[in-house]
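One chain is shown next in C-alpha cells, namely the form predicted on its own.
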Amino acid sequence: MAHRTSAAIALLAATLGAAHATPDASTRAGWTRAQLAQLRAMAITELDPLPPDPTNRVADDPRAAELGRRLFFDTRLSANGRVACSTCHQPERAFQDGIALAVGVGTTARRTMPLAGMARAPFLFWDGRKDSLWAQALGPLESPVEHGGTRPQYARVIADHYRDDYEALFGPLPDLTLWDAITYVFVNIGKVIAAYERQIEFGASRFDRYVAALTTGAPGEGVLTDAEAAGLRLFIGRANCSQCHDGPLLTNHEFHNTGVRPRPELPLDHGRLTGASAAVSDEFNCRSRWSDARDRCAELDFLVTGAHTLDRAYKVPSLRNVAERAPYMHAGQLATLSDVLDHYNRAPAAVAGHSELRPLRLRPVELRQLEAFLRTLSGPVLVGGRTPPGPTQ
C-alpha cells in the first residue's frame, strides 16, 4: 500500500508538470487559466523539497530518525510511565487524538495539533512559542500536564535503554551529575524526535487527483461531484478561504484572530500575544547555545512581539485531512465542520483583541458545498513516504 501511494504521488507530479504544455487550459471544465494556476499551486505535488534545519545537525540522519521513532512511542518518557508522544499524536488518527483538550498526565488547555508537514512551519504550537521542531518536542516533556517528567529522569532513560544508539550519534554520554550535561542529553532527545517528526507528511487526496485530471486535459469528471467542485470554487472565490489556507499545505503558517470564543472553564488564553514573547525568551530557541545555527535565525530576528493584533491570534492549521480531526479550533470549541463554517459565515466579534473576519453571507446550500469540498482534502499521512509503522515495527 505504501509503495502504491508513493507511486500515485509521483504520477500526480508528472501529470501536473504536463499542465504547462496544455494549450487549452484556460477553459477546461469552466476554470480560467488563472484559476487553474491557483489550483495547481495548492496540489500536494507542488510542495517544495523539505528544507534543511540548520538548528539540528542530526535532522536528516536516518539513525536519528529511528532513535526518535522509538522515543516517540516510549512511555518511560513521562512521570507516570503511561504517556508517550504518541499518546496525543496517534499515527492511526493522522498524528492527533480526536479530543477537544489533550490529555497526558493531566488535562491541557489546548487541542492537539497534527504533526504532518510541521517541519515546514517557522513557529510551532497554536501560539507559536517554539521556533523549531526539536524545541517543540521538548516542551511537552517538561509540561506538568503532558509528560510531567524531568530532565534527569529522561537522561537516565537514555543511559539505561538507548546508550549505544545515542552515543553513535552524539559521542559518549556526559557526566549526568552535571546540569549542563543533563540538559545537553535532553536537547538531543528533542533533536532525534524531531528527525522522526520531519518525515511525517501528507499524501495525495481526491482534490489532488482532480487537479491532476484537469491539468492533463481530462475534465475531472467523477473525481469530484458537482457539489464538491462548487465548494472548491467558493473556497478560492467568494468564501475567501484561500487567503489563509493556500499553497500545497493549505496554510500560510501565520497567526490570526478569528473571533473564536474561549472555553468558559479555562483562563483567558491570549494566543500569539504571549507565544511570540515566549519564542524570543525560550531557552531552546534558534539563538540559544543549544541550537546548531545561532547566527541563522531570520524568523526569530524579525519576529513582532507585543502588538495588539496578536491578542488571541492562533496558528492557521493545514486543511489537509481536516474532516478527520474534529473537534476544531485551538481548544476544540467547535464540534463539527458545519459549526466551523457557520462561525466563519457569521463572523462574531472577538472576546479579546480584534477578529479579522467579515461575514461571508453564504447561503445554506453554499455552506454545504464548501463542506463537501473540504472533505475531498482527506488523504493518507505518511512517514518517509510510507504508511507509519507502530511502536515495535
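Just count from 1 along the sequence shown to find any residue number. A quick note: this is a predicted structure, and the numbers were derived from the prediction, not measured.
The next section is about a form of this same protein that is not shown, the form predicted in complex with heme C.
Looking at 222-230, 288-296, 209-217, 125-133, the stretch with residues near heme C in the predicted bound form, meaning non-hydrogen atoms within 4.5 angstroms, turns out to be 125-133.
Remark: P317 counts among the residues lining heme C in the predicted bound form, judged by a heavy atom distance of 4.5 Å or less. Using a 4.5 Å cutoff between non-hydrogen atoms, G271 does not count as a contact of heme C in the predicted bound form. With a 4.5 Å cutoff on heavy atoms, L115 counts as touching heme C in the predicted bound form.
Contact between W31 and heme C in the predicted bound form is not found at the 4.5 Å heavy atom cutoff.
Proximity to heme C in the predicted bound form, defined as a heavy atom within 4.5 Å, singles out one entry of A195, I158, L249, C85, which is C85. This chain appears without its partner; in the predicted bound form, the one residue of V322, L300, V187, A94 with a heavy atom within 4.5 Å of heme C is V322.
For the three marked residues, A204, A335 and R368, no heavy atom of any sits within 4.5 Å of heme C in the predicted bound form. Within 4.5 angstroms of heme C in the predicted bound form, the stretch 272-308 places no non-hydrogen atom at all.
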